[in-house]
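The chain below stands alone, shown as structure tokens; this is the form predicted alone.
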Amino acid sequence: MRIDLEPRAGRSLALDIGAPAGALAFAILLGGIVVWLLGKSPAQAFMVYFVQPLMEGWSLQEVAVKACPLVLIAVGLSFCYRANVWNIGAEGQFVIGGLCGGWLGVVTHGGAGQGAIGGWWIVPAMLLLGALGGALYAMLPALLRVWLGVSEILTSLMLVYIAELGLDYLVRGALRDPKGFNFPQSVTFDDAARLPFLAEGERLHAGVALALLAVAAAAFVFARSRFGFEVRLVGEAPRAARFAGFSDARLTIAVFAISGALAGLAGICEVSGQIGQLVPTISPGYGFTAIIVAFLGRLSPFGILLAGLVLALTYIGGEAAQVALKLPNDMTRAFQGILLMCVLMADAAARYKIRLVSGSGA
């Protein structure tokens, strides 16, 4: 007796919607069991993680700010994953984007950033440099796959460590604040190098608007453009795509460029909006969490927006649980890992039917 997975003849809307919802519910159940094993109340943990952050205005803003990089990165990853190309190194592209754009904030410190003529261009230039840096860094695994057939999974993942160590080296060396008492950090950016806030004196910065714009643009591309059709066709029916004249190599480079650019844009939004300077660590793992966001959102731009808000809620709730319930911060990462496994299992259940085959019929 063995278990076979048989592809379903058709995909129903109920399965497409119910699979991620069921995965989230099952992950919460498993997380509750883990919390109970730690000697805490699962009901109280649920309130702290998922309900209390939605009860106050400031925490809602924090959820939106945390969701901003997750949504930007995940929208970019959806282009890769729909084309059946696996970019696992968005974390490195995020870091390089923050570093490239943040470099301009450092070199303009005390100059144009203090209000000299032309200071208005600094933030747009930082955003452009961040997106360009992320795109160029993503080209490395893309070109290695196209030219040499090297697995993009391994190369994109390994490049994460190079990016992180490169940032660490520079903020301890060439980009370190000379008046910073030898701390590994750059100068604090001038106001002209900071993303504008959407409300005076609040935390909600313009990067949130960029994330919403990216969602709308991706939805249009997938639904209305020839390129979106090409991405879907290459991912779902590569042989048919070749007969239609679509190039796998060209598409691989294109989707990696889009994915890297959005990850880099997320990086500079985090540096210029949230942090305000370059430091050794600018990400708590957004690039990896965005993989969960992409799949939980079913690779749909609007689904990714909703999933990004849910995962951002776990970050805010996890910080609150550290204080209120004395739960370790790693509990949040553990829950995100559980959620990813549940999403993958739910996706398999939506795509395939389980069939038991007897040994004699093998």
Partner chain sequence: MSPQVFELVLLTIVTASMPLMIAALGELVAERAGVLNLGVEGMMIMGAAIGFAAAYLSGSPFIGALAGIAAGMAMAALFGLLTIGLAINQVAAGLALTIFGVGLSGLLGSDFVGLKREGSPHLYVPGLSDLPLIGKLVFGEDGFVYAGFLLVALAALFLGRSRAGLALRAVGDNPHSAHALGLPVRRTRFLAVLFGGACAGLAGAYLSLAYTPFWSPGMTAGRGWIALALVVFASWRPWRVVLGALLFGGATVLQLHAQAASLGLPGQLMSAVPYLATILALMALSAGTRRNAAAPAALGQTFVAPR
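The structure presented is a predicted model; accordingly, all values stated were derived computationally and were not measured. Positions refer to the first chain, counted from 1.
If you look for the form predicted together with its partner chain, you will not find it shown, but the lines that follow are about it.
Enquirer: Out of 302 to 310, 50 to 58, 30 to 38, 63 to 71, where are the residues with a heavy atom within 4.5 Å of its partner chain in the predicted complex?
Expert: Comparing against its partner chain in the predicted complex, the contact stretch is 30 to 38.
Enquirer: Considering non-hydrogen atoms and a 4.5 Å limit, which listed residue (135, 159, 83, 122) is close to its partner chain in the predicted complex?
Expert: That would be 159.
Enquirer: Report yes if all three of 147, 331 and 341 come within 4.5 Å of its partner chain in the predicted complex by some heavy atom, otherwise no.
Expert: Yes.
Enquirer: Indicate whether its partner chain has at least one heavy atom within 4.5 Å of a heavy atom of residue 355 in the predicted complex.
Expert: Within the cut-off, so yes.
Enquirer: Under a 4.5 Å heavy atom criterion, is residue 295 part of the interface with its partner chain in the predicted complex?
Expert: Residue 295: yes, in contact with its partner chain in the predicted complex.
Enquirer: Is the gap between residue 288 and its partner chain in the predicted complex 4.5 Å or less for some heavy atom pair?
Expert: Residue 288 belongs to the contact set for its partner chain.
Enquirer: My question is simply whether residue 348 lines the interface with its partner chain in the predicted complex - judged by any non-hydrogen atom within 4.5 Å.
Expert: Although its partner chain is absent here, residue 348 would touch it in the predicted complex, with heavy atoms inside 4.5 Å.
Enquirer: Could you run down 152 to 174 and flag each residue that has a heavy atom within 4.5 Å of its partner chain in the predicted complex?
Expert: Stretch hits, in order: 153, 154, 155, 157, 158, 159, 161, 162, 165, 168, 169, 172.
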